[in-house]
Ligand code: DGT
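A single chain, nothing else alongside it, follows as structure tokens in the form predicted alone.
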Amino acid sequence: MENLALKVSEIFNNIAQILELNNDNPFRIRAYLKAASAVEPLGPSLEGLIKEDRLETIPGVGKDLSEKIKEIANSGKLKFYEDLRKTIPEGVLELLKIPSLGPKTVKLLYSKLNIKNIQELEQAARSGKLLTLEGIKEKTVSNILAGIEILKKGRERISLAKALSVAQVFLDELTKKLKIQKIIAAGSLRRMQETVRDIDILLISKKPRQAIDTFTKAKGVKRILASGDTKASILNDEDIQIDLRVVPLKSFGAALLYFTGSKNFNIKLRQLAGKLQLTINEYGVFSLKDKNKFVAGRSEAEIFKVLGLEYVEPELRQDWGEVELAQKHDLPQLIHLSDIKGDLHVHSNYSDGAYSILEMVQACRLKGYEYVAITDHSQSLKIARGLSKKELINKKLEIDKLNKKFSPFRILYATEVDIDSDGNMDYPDSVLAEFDVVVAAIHTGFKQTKQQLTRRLIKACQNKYINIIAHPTGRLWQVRDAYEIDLDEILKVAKQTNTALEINSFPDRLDLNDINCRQAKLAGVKVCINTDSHDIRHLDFMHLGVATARRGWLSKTDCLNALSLDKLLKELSK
């Protein structure tokens, strides 16, 4: 029942970290990290590759790692990993999950202070004990404590991408084994919130008890928290809580509305119903004037109609004014995944991508896109194999050749240019002028002041060759919070300079967030929903960025890459 790709990726990452703690061969360490990165986005398709004996087609996976993946798939364990774990104390591996803590520091903490778990580390940090170690300063201690808090918050909730993956496994299992009339995931997952605490599943079945038994006995269920005739709650083997409710057809819409939420949205609906002499709950809408007669409940649409409201999409149900607009039938027409015409932030193996330009282009064409921008990193970002000016010539020649072959599909010659600590671009204007699209991004100096970071982004917007600011707030899930910037000031300049801000669809980023999106819309600044793909499979993350845009009330007219190729090129030339 578990996500095999995630499990393999986690084991390989852990192996790499233990090897680093043990001062193992750097090439061996990198091999595990590369394989972990390539396997993680595969999802259910990993099992297909195993069955077809095509694991070695995964970048970085050779015969040895292929056999290890098969062992994990067959037994749920890897003997090599289990043996390796015995070389370090239990709990030390957990320390490596703390943002800003690397293997060298963890080794120092263990060898000098015998710190073996997060609790001991927090106590040592708060008591001042860490400051006795060479190289550990007050700022380091502050960063460690902040990292522990980020980790704690991350354990309370899971990312949207992970929640979708876990939910889909259960939905598929129940659909395969039961005769179901309807089944759907509700809660914050249906509202596509960027993080989810637990997963709610609703279904209609003529055999509720059978549905409950199938759910509680499913593969991957670690613990049954509750089990009744029509509802059950379990923890899966990753300690994620999943709740199942079997509801009657008559009440399915009411239950779906109620369990989708949000809490504040539901309160607003109950208040509105009261004014209409109605009452609403998870079982339906009932008339207060006519002895609680059932009025509606089979579908959400009929409930909204009874309440005199336009249908409110799940992503909007936050009590941000959507109910009032629904009364006027004046809700925004939200963007859809089908509105996206291309991806303007994609990497190839010219820099740190896993696939060639040709392979990335073919994958984009299969998605029905009209264009893609190949935005490899710029020269100073050595860790990502940033391109020198000389290497850009070869890239441009290859793109020109491929464009002749694939016309009318257009490969846009592009870059993700680094914004340095003073706000200057990593390439001179003479080089930037040659690109079809320029995406600018901060990759270093995250701890600068709010004023410095804001100034860097404003200066990037003011460069006439910059089209898009990538992942503008710099956040990384369970690694670092968004850095402080004056977004209002940046939006003012972005509006003046016709610079778009990116919604980065990568699961660990989702940056801009929904609130930022609404700010951009109100400021008249376009967004661009990109995947930041470093792998063909990353292209599938686009739906996560679209979900963020929808939560931010955005329409296709607010989005740069919802434009056709001709209109995009005109917009970029402004």
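Residue indices: 1-based, along the sequence shown. Predicted model, so just to flag it, every value in this text is computed and none were measured.
We do not show the form predicted together with ligand DGT, though everything after this point is about it.
Listed residues 498, 168, 195, 142 were compared with ligand DGT in the predicted complex; 195 is the one with a heavy atom within 4.5 Å.
Residue-level contacts in the predicted complex: of 386, 208, 253, 261, one residue has a heavy atom within 4.5 Å of ligand DGT, and it is 261. Interface membership of residue 187, defined by any non-hydrogen atom within 4.5 Å of ligand DGT in the predicted complex, is confirmed.
Put simply, residue 270 is close to ligand DGT in the predicted complex: some heavy atom of it is within 4.5 Å. Heavy atoms of residue 348 never reach within 4.5 Å of ligand DGT in the predicted complex, leaving it off the interface.
When contacts are judged by a 4.5 Å heavy atom cut-off, residue 475 does not count as touching ligand DGT in the predicted complex.
Here the chain stands by itself, but in the predicted complex one stretch of 436-444, 113-121, 395-403, 196-204, 196-204, has heavy atoms within 4.5 Å of ligand DGT.
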